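Okay, so we've got a single protein chain in two different forms coming up as structure tokens, structure 1 first and structure 2 after it.
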Structure 1
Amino acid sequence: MLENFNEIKVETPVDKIIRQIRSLITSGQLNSGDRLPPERKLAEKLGVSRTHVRDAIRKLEFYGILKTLPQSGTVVSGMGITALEGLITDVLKLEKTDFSSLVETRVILETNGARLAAERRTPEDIIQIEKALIAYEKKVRLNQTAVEEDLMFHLKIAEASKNAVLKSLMLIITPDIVKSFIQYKVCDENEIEDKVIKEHEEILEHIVNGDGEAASQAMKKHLKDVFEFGKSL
């Protein structure tokens, strides 16, 4: 009975301010290049502490929406109002991603990453990937959870793709993947983990051989298996 009251979302002061700033921008009162009102004025107008305003500005600055110049002011940078409307509302809610979207996107990133890795990997890359694979196998043999080691294998492949953006995006969604893994209790049984090791080895083999298409397909199959296992729970 008490559970009904758990879902109320506490809107932090910072979120409120972000919403206000967003409305300022989307309503056209603030255009790209304009200077934001000073922190003090904003704080007074919104009825909150300046610290909260600063936190909100920092948060927006993270996503390249605002640019604050020391001792000068904060300006609206980057793109204009059009895309901002979607950006502010959506990017900040990245945690509310559904499992299927997450996996779907991961498949896209990783299959392409594997293909590029096969084409561009250096001898050093192969060593790194092998090391990650062995570390994973070791943990599994000890019956310990090896989520981190598993993802490390995938990250090393992304690294071998020599595409910094691709790797960064992988890193961005990685925490969410870990969360999902824990939530759905994926990879808790030894049966599936043996399969994972075999598939990892296959992917690595294709990368070593420089066969991009095969590596991509192997990765696709591998992730499909993991996904299917997750759904079956």
Structure 2
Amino acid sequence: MLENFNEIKVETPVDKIIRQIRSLITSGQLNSGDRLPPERKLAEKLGVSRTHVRDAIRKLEFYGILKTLPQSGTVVSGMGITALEGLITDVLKLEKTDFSSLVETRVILETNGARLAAERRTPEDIIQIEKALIAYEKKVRLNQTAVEEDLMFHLKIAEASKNAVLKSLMLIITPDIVKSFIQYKVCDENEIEDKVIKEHEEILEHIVNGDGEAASQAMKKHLKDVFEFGKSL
């Protein structure tokens, strides 16, 4: 009987703010280029602290849904990404079979993305990937959660592929995969942190050397755990 019950998830104020903003975007009440109210006014309207508003905006910026422009405030961006993200999370509801397909898709995207990154990367791309790797390692060494830093490392590789569609698809599917991977505690973080860092460094090394096939294989090895997890569902 126990397996018939689902975990009750309590939404935080940040989750609720994100849900409201996403709903306004997907319903067409907020369009690309529209500016959000200032943090203070938004916090007053929602009845929450400015910290909660700031955290929600930061997360939406991370996934490319909002962007903050100098002297212009926070505006809506990435409309196509948002619509597709809503399709996956709201329509498919991430059933087990769907989740397995998403994991398989991530492997396909990232192995090919790593190959393209090795072939097309610029000196600036390498700098950005290195910065993402350093940020991830710093969080790990401090025993802090480094989910966003890990995702940023992968997104910087996707950017280096020079394939905008590949990056957009990564933005759509990866956050839910990473969240579930952690939720089900597939791996103990203390056991894998050194392994992950070494794998990241290996992927970066092949990209720097311009070896597309080696970068692709290194990425495939790196994603083996999440791939096996997806197949087990």
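What you are looking at is a predicted structure, and each value in this text was computed from that prediction instead of being measured. Along the sequence of structure 1, residues get numbers from 1 upward. Basically, rigid core = biggest C-alpha set you can superpose within 1.5 Å across the two forms.
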item: Which of the two shown structures is the form predicted in complex with the DNA; value: 1
item: Displaced residue check between structures 1 and 2: residue 51, CA, 2 Å or over, core reference; value: yes
item: Residue shift check between structures 1 and 2, rigid core fit, residue 221 Cα at least 2 Å; value: no
item: After fitting the core, residue 198 CA displacement of 2 Å or more between structures 1 and 2; value: no
